[in-house]
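Quick heads-up: it's one chain on its own, the form predicted on its own, in structure tokens.
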Amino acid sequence: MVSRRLYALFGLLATLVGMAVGHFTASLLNADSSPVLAVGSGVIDRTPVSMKEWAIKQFDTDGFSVGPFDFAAGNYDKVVLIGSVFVGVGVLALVAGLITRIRFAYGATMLVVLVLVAAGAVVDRPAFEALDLVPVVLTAIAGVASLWWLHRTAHGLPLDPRARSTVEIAKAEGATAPAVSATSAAGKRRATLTDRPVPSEDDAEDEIVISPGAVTTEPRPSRRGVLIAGAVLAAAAAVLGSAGKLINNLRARAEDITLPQPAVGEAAPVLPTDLHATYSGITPLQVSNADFYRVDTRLDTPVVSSDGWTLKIDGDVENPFELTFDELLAMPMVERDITLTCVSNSVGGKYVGGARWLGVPLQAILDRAKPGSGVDQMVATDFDGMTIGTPYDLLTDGREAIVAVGMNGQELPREHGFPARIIVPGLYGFISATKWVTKLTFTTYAETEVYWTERKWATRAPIKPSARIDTPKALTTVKPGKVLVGGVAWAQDNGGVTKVQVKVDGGEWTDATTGDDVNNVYWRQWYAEVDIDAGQHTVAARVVDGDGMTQTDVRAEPFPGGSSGIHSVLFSVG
């Protein structure tokens, strides 16, 4: 008899095959219709804010890959959030396989129910189309078919349901079958070719011993057949899953886009000396595209083609219109150095970065659209229906918001919003930095509630001034003598960084040396060399902004409007 453990593995293997088939099919049609990604995204959407923030804080790491997924730096929290769900799915798959031992229909039904949950997640996507159900249907077919094959092989039954053994025929007709010699757990028993009642399936655990001249037609489990079936299905799951990932990676390759030059007088000035060249522990003044932080609700890298992409302007506007990508590129461009910050960035966190952006001034679009006098919110919608709301008055107060198409001299990387994204200086990304944007709707907060406000995050969230210590790293040991303390500071919505101050072991605040200023909405590098004796020490840093205000020492968590507090680092000298 096939062991219970093996039946449980049948359920898990069949589920993995179904997931691989669904993911592969989705990669051929539309990666966003993958049942696997749909379930994962649904989990992220429904995870309580407190749990998300805990995961982000606890599982902050560099990028890596797991199966069909590529996780960018800082996205390990998503693995933790959805990993528990997939563990749950795995347990249910094991149970489905186990109850197949009782009756195949029970286990198959349980697998179908699991797929129906995934179907619900796919249908729940804002950009759902009927074609998105194709991977889900194939997931169910592949999973049930794999379980059926393993079940039939384990019982030694023919794969063609129409081909029945003489024993099965005898059972159906109430006849008897030729007797055989068999050795059971209770001991050996001998039989002749006289008629005997047909043995039940439960007797499959008996060791069949054929007497000379006797013929048996009882189904016989084949260990070799089970191993072959399992190996074939495992290989199929691995190949299809890897192929789906490969196809998605090929689709995600950058398009060959020739970016326009900034309009006359709108090119960003040459950046000042980068202190990173002298003090490598300090973050580079301009973060490369590859190293720039990424935080969003996506599990994959969306592939949005510039062909067929449009930016629709609607809502309470006098002149609604729509722009193709070529029409957007034909508009006058500006180049701006702007630091972006994620609201999930904790004190001293790495979800902040400075880059050079190329794009169309949002004011040009506002001038053409002519929003109504009652508008108090611009809702930006991405290709998949994700919505972000920005206070309209903060778009018209003189800050240079842009519809960006370039980043650090290149087209936008796909993970950072290609073909176009919104950049609004001085505001946390969750109310300003929509990636893969396809629509701008001018409306009111009373009329339209967006993704983050539905989850009770703030509607107005200016970036709070902060200084971050990059070196020395926490809990490291440095050599005695002059110790370099350095990092970056920002005060994007408060007149920029005037100075940075440091203190050691609770002493007096002293001014650090700051790098040359880029502009008020860009971060500023800083450093200080301090004499510290051997032992354990603490260093802290704070910023004084352009309005003459000193960064607050009041501690606040990221939810609902951004973190605050003084960054300090514990390290050793010895």
Ligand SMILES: Nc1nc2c(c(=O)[nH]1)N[C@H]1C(S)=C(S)[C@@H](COP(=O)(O)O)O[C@H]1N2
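Residue positions are given as counts along the sequence shown, with the first one as 1. What you see is a predicted model, and the numbers here were worked out from it, not measured in a lab.
A second form of this protein, the form predicted in complex with the named molecule, is not displayed here; the remarks below concern that form.
Though the partner is left out of this view, residue 125 does not reach within 4.5 Å of the named molecule in the predicted bound form, counting heavy atoms only.
Under a 4.5 angstroms non-hydrogen atom cutoff, the named molecule in the predicted bound form has residue 452 among its neighbouring residues. Proximity of residue 436 to the named molecule in the predicted bound form: non-hydrogen atoms within 4.5 Å are present. Contact check for residue 342: a non-hydrogen atom falls within 4.5 Å of the named molecule in the predicted bound form. Note that among 246-254, 109-117, 289-297, 487-495, the stretch whose heavy atoms approach the named molecule to within 4.5 Å in the predicted bound form is 289-297. When you look in the predicted bound form, the only residue of 419, 429, 354, 97 with a non-hydrogen atom within 4.5 Å of the named molecule is 429.
Comment: the named molecule is not present in this chain, but in the predicted bound form one of 328, 394, 388, 226 has a heavy atom within 4.5 Å of it, namely 388.
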